[in-house]
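Coming up is one lone chain in structure tokens, specifically the form predicted alone.
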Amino acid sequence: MPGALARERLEKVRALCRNHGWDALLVYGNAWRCDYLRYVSNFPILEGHGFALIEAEGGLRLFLESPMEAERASIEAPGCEIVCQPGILAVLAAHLEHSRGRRLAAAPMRLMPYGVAGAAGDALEDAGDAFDRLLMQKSELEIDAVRRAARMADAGYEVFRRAARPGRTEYELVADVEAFFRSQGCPDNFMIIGSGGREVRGMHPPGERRLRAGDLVTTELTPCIDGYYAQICRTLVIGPPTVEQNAAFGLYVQSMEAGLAAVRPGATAAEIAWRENDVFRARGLGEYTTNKYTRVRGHGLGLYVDSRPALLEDVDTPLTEGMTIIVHPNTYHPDVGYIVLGDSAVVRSDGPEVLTATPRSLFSVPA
């Protein structure tokens, strides 16, 4: 499956180059943001700078800064010609300097190191928007990888529920989930957690706080399968939920379901965010949909944990068939604290294909 995915993506990139008249496309990646690089080379870089230079009608070169990464790439990216030399930025800059006269494009231009971008001068066109459309528009092979990651997320949340009990630290709880994912051959997972009451305003990396009876415990699990991420957001209570906690959680269910109901080709990211936020505004809680209390109402999923489009009221990106997103009205509630709820979904013409199967419940574990 990974080989078929890699070949499919490579042909799409070459077709993109031909459609725009580009002779070659330069793609950049690093350990923080490697989705562009991985899309082209199938190589998830972990250290240093990485560049893939793909010819519209030919080869694929992978320029790497780290000798250890180059050794790994020789095994994991067999279709690439690997270039690893001291001062790789200067080596690549010289290569681009000699390529003047050809039509070259780059993505993502906003992250491209200045010395490399400057070497090509004005000849280096910004391919960011066009490449982002490739990242957002998934093939059925890509969707299958996201679907399998969603099943892993469901299984991981079941482990989270069993592991949550009074007296355990946040990091012990997260360690159990990480151990489970690794035992299943899934070493890559983005995960944050929150625990407590009204004082909790969000989620964070796990700390030393110990769970107590009455706590709301929130998490966001984002496992990766064949390079593709799926996400689940859920909330549980240590002990029986209070009346206030149940009432608040019901609002999040309504909000998420209103957002999912708006998911269809042609709808914009803004429309989904509006639908979610209107549920809060109708209860006089519109303040808690602002960036003072929350970041986004969902986002794209794929080769990165938080891809375009961001689900915000000022983002007019239209949804298309095959996009993969998560809808999550995660925010602070003044009565009980921070609550999260979110499901991954595929944009389909007949409505969203929801990938996560965990019930939309305020779970309770014994206190």
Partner chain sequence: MRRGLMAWSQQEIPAGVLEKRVAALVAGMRARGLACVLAYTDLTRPAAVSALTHFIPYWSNGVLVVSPSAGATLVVTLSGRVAEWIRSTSRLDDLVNTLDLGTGVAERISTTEKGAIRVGIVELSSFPSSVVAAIRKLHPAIEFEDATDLLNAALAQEGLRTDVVAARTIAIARVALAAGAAEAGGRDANAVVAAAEGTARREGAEEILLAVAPDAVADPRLRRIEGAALLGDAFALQVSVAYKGCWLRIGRTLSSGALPPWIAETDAWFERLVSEIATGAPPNVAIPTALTRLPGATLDSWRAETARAGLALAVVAGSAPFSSERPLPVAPITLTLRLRRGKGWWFSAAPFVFARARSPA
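Residue numbers count along the first chain shown, from 1. Please read all numbers here as calculations on a predicted model, not as lab measurements.
Beyond what is shown, the protein has a form predicted in complex with the partner chain; the following relates to that form.
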Evaluate Y229 for contact with the partner chain in the model of the complex, applying a 4.5 angstroms cut-off between non-hydrogen atoms, and reply yes or no.
yes
For R102, is any heavy atom within 4.5 Å of the partner chain in the model of the complex, or not?
no
Though only this chain appears here, would E178 touch the partner chain in the model of the complex if you measure heavy atom gaps against 4.5 Å?
yes
Can you tell me whether G250 touches the partner chain? I mean in the model of the complex, with a 4.5 angstroms heavy atom cut-off.
no
Contact test, all of A117, R182 and N189, partner the partner chain in the model of the complex, heavy atom 4.5 Å
yes
Please identify the residue among I225, V237, I143, L211 with any heavy atom within 4.5 Å of the partner chain in the model of the complex.
I225
Of P265, P166, G128, G207, which one comes within 4.5 Å of the partner chain in the model of the complex, counting heavy atoms only?
G207
Of the listed stretches (269-277, 76-84, 129-137, 250-258), which one has a non-hydrogen atom within 4.5 Å of the partner chain in the model of the complex?
76-84
Can you name the residues of 94-110 that have a heavy atom within 4.5 Å of the partner chain in the model of the complex?
M109, R110
